[in-house]
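Quick setup: one chain, the form predicted on its own, written in structure tokens, and binding and motion questions come after.
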């Protein structure tokens, strides 16, 4: 069995005297999409900040491609192949689309300045709307367009792994569908993803494996094809209305067309 691209081993982290993560562990295979789900306060976003290096781990290890990156700065993690799409997208509103992308490519331009133009073209090819709006101020774009910009900004460094924190937050249903298509397109290129989502139904439509969190610990991990509504309700406290939405998402994923199913299986193997 091949080595996972990302290994998270017994991570603890927190703020000041407060410990939020109490030994988080999970792995993500190369080309896979892992989803981290939980109620507010479960530790999802703290997990993401710790993986990105924004918040230091107090104990445990984070390995990327077998290398221990636990003590590395966020910039050095980006140089090692990690991208980050932060919660709220956090584009620079007073800068143009292309200026946002250029800032995102900071480590790439330092490492190999000659690669920047080709990488920029690659992002524009993936996101035609960004090419069309390359001179537009990012703050004047729609939420869905800003989400595409935030993902493109993470991809411009040509990462092997991207961390995506609450991508659907604040988006309209139409924009969520557009974002789903964007992330599916990215996944088809073989980029590995870790997705944190409060919107469980949205997340389940994308991920291969779900890691369910409670009070700073992963309490259940399983391929989406093996999940059921009862397990989600037990670990996430999902009410009847949301349970219906997540049930539909599970049913859709468990009855996907053969071509899509085999594609996902290939990524997760």
Partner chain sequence: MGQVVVLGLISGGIYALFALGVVMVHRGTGVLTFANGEVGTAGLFLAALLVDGWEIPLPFMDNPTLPALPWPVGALAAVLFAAGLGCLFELLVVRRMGVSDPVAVAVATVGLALFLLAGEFQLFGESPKELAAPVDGTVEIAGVLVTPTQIAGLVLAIALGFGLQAVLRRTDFGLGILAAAQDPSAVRLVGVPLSRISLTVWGAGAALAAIASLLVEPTVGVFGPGYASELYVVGLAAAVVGGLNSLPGAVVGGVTLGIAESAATRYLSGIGLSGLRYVVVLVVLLAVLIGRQTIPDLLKRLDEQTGRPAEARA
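Positions refer to the first chain, counted from 1. Values in this document were obtained by computation on a predicted structure and should not be read as measured data.
Below, we refer to the form predicted together with the partner chain, which is not included among the displayed structures.
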Within 4.5 Å, heavy atoms only: does residue 99 come near the partner chain in the model of the complex? yes
With the partner left out of view, is residue 109 within 4.5 angstroms of the partner chain in the model of the complex by any non-hydrogen atom? yes
Residue contact check: residue 74 to the partner chain in the model of the complex, 4.5 Å heavy atom: yes
Taking heavy atoms only, is residue 142 within 4.5 angstroms of the partner chain in the model of the complex? no
Contacting member of 30, 217, 225, 54, with respect to the partner chain in the model of the complex [4.5 Å, heavy atom]: 54
Heavy atom within 4.5 Å of the partner chain in the model of the complex, from candidates 122, 90, 160, 136, belongs to 90
